[in-house]
Structures are given as C-alpha cells and as structure tokens.
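To begin, one chain is listed below as structure tokens, in the form predicted alone.
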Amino acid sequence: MTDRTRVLVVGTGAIGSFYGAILARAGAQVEVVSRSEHQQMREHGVRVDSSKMGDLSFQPATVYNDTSEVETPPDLLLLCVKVLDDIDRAELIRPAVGPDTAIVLIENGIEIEPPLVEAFPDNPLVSCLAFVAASRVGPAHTEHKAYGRLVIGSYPSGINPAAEQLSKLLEQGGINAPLAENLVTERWRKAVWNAAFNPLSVIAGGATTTDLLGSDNEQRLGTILMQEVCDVAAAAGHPMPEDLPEKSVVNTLKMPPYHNSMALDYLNGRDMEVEAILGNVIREARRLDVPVPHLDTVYGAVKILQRTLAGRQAG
C-alpha cells in the first residue's frame, strides 16, 4: 500500500457512498464508478448527510462511467453492488483489478464470496459486513441515520494486510471497524437479522423496522424467523448465542424507523436480493435437513411479490 491508499468504489448506492465518504475523510484517494449519475458526481460530488457525523460529502478524485476506463488499478476495490442473479460481479470489476488489487466485498448475503475467489484466485479477498442505517434519498445523495460499524475479515478466514489497512483507514475516518478471524460466522450472525426482517418488510408493503415490531405478536414472529436462521447456522458449524434473536428485537426497537435495503428496493420497483439474503439460507437448510417452516413461508410469499413486481414492470 502507498502512503495515500487508492480506493475504487464500484456501486455508489447508500453503502458505497457512505463508506467511500468515510475513507475520503480518512485521507484515502477515493475514486468511484457510476453509470447513471457520473455527471452529477463529477459536477457536485457525492452528498452524504449524517445525523450522527454531520456533512460527510466528498468530491471523488475521479468519476468513471465504467470500470473499463480505469487505467491504474486501485489498492482497494470496494464492491458494493447488489448480489443479483443477472449481475456477473466478477466481470463487472475485472477491467479494474490489477495483480496487487485487494477486492473488498461490502454486500449482503450468505455464500457470496466463491464466485470472486474463482475469478481472482491470486488477489486478496476481504469480506465485510455493514451494520449501518443509510439510505439513498436522491441522485448521488445519501442519508446516514445510525450506526456504521463494518466488520472486516479475510475470506475464508484469518486477517490479511489489506483487511488491516482497510480497518485502520475506517477507524481514522471515525467509525468502528473491528477485524474478525472468522468472517463466515459473522455473515451468519448478520443473516439472522437480514433473512428475517428484509423479506418480512416486503411482505408488509415496504414497512419500516418500527412498523414490523409494533406489537407482541409481530415481535414474536421476528424472533421465530431469526431462531430458524440460528438453527441453520448451527447446523452449518456457526452456532449463535442463544439469546441473539431476543436481543436483536430489543436492539431493533431502539433504532429510529428505518427502511431496510429490500424494503427500499421494493418501494422503488428495483430488483431485490431475495436469493442472496434468504434463498441461500433456505437452500443450506435443505442441504442440512433443518426444518425452517416459517422462513419457507416468508420465502414463498416474497417470491410471489417479486414475480408480481417484475410482471408489472414488464407490462
């Protein structure tokens, strides 16, 4: 790494914009790839308003329309796009990856790393879990409402120099960025909340976290769904604390009303990460013969809504 780390952010939605802003604040040279908003970002930068940290807006060193325009490979490439069946993430970033580029995934889901490992076996892979409430509210404009912690580790395990460098930069930028020896276990820990509340919010018509937990019955449903994810995680070799579902409900109730990523995608008619967030958990449950009746029901319901949304768009 050079004294001023070169960072390329691919995927400048809420997550990419927020962590790009934190890295710029830490002194990194942050470049971005944006197809739909490149002109806006070139002229006005990336606007990030934080209720906790103030104005985090920054002007990227370079704004690219496509990764094919990147002439000098970055030290760290942050991949922050949604994990969807019709997006080949490896081919998306391939033109910008050099022999010394560390690939950093800040994305949702279980089992999302293998395609990148297969495509770039000689590049360091850093996998991250974002615990942050941030939403896009306009072109090149993100609002950060709460949290921001990014758990960082090498894939499949351990901690490589790129992970250490990223953690140091983020800490300098003002957020908590702990290193994790077993990032796969941490992915399962986050899936406990994500696989329950993301699809549930869609079934509830794009509800906020507060709406989803408005009564004892709703809190009980959230707890049951999270417990089923814990059962799958344990069978996969990643046991969770026994009180994790109950604590997750308590912590969610303390948050300000928040639309999670799948709720926002549903409300805005965008493709949703159903398979990465929930489908992969369901498939792992079937492989391990773990009963998940409530998750199965939620999965079936959200798939119907997904098809309905797609049909509406096609029509």
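Computed from a prediction, not measured in an experiment: that's the story for all the values here. Start at 1 and count along the sequence shown; that's the residue number.
This next part talks about the form predicted together with another copy of the chain, which is not shown.
- Screening 221, 169, 133, 180 for any heavy atom within 4.5 Å of another copy of the chain in the model of the complex leaves a single hit, 221.
- None of 140, 212, 192, 104 but one reaches within 4.5 angstroms of another copy of the chain in the model of the complex through a heavy atom, and that residue is 212.
- The chain is drawn here without another copy of the chain; in the model of the complex, the stretch among 198 to 206, 120 to 128, 104 to 112, 241 to 249 whose residues come within 4.5 Å of it by any heavy atom is 198 to 206.
- Under a 4.5 angstroms non-hydrogen atom cutoff, another copy of the chain in the model of the complex has residue 217 among its neighbouring residues.
- In the model of the complex, another copy of the chain lies farther than 4.5 Å from every heavy atom of residue 313.
- Within 4.5 Å of any heavy atom of another copy of the chain in the model of the complex lies no heavy atom of residue 24.
- For residue 267, a non-hydrogen atom is located within 4.5 Å of another copy of the chain in the model of the complex, even though that partner is not displayed.
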